[in-house]
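There is one chain below, alone, in structure tokens, taken in the form predicted alone.
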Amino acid sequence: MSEEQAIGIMGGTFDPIHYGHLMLADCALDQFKLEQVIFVPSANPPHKFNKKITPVEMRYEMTLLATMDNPYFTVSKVEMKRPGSSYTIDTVKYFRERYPEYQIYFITGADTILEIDTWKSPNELMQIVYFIAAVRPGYSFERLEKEFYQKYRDRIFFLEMPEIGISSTDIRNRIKAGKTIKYQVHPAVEAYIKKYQLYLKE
């Protein structure tokens, strides 16, 4: 791990953002000595082209509410300002230009790491940023033995975290079923969801 100045980028649909996202960002901030973590709501995620998602403006507002208590968290509109599909390679190039003197870490889950070789320009992506991948205790790394990942093994760092069992999909399902989501999302996000009656129908 480098001793240089470093920032983290945490991309995602955040539909809605929950405590699992915040815990991962905070653990990465602490362990990798990041100056800040920048949350980037994906405006038009290409992997969800045919799926119904909440308008990005509302997902952005929920992300702002969820991160407002932490001075080391910020939220970017970079993908909201860019037309077309939201590709990670374009986002990291933007931050690479904006923070030329910083190490940049892209924070994600281990399962997402396994999909990077299917993303746009994966080789260029791996050369621009480092990756922090959250893994559960006892996670098997056998699936990372593919040639692509072995090639970039020194660009991927693993962050062991307890399995907390919170997902955006489960939260949406719980809301649709009339169940509580307390302690799964920030109270301000819970209030926002109730105010705008989000996820009652999918």
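Start at 1 with the first residue shown and count on from there. Note that the structure is a prediction, hence the values are computed from the model and not measured.
Another form exists, predicted in complex with ligand ATP; not displayed. Remarks below refer to it.
(message) For a quick test of understanding: in the predicted complex, does each of T54, I175 and I181 have a heavy atom within 4.5 Å of ligand ATP?
(response) Contact check failed for every one of T54, I175 and I181.
(message) Please identify, from 77-85, 123-131, 90-98, 104-112, the stretch that has a heavy atom within 4.5 Å of ligand ATP in the predicted complex.
(response) Stretch 104-112 is the one.
(message) If we define contact as a non-hydrogen atom of the residue within 4.5 angstroms of the partner, is S140 a contact of ligand ATP in the predicted complex?
(response) Taking the distances in the predicted complex, the answer for S140 is no, it never comes within 4.5 Å of ligand ATP.
(request) Answer for H21 alone: is it within 4.5 Å of ligand ATP in the predicted complex, judged on heavy atom distances? (result) The answer is yes: H21 has a heavy atom within 4.5 Å of ligand ATP.
(message) Within 4.5 Å, heavy atoms only: does Q150 come near ligand ATP in the predicted complex?
(response) Close contact is absent here: in the predicted complex, Q150 is far from ligand ATP, nothing within 4.5 Å, heavy atoms only.
(request) Evaluate K146 for contact with ligand ATP in the predicted complex, applying a 4.5 angstroms cut-off between non-hydrogen atoms, and reply yes or no. (result) Taking the distances in the predicted complex, the answer for K146 is no, it never comes within 4.5 Å of ligand ATP.
(request) Pull the contact list for 158-172: residues with a heavy atom within 4.5 Å of ligand ATP in the predicted complex, in sequence order. (result) Counting only heavy atoms within 4.5 Å of ligand ATP in the predicted complex, the contacting residues of 158-172 are M161, I164, I166, S167, S168, T169, R172.
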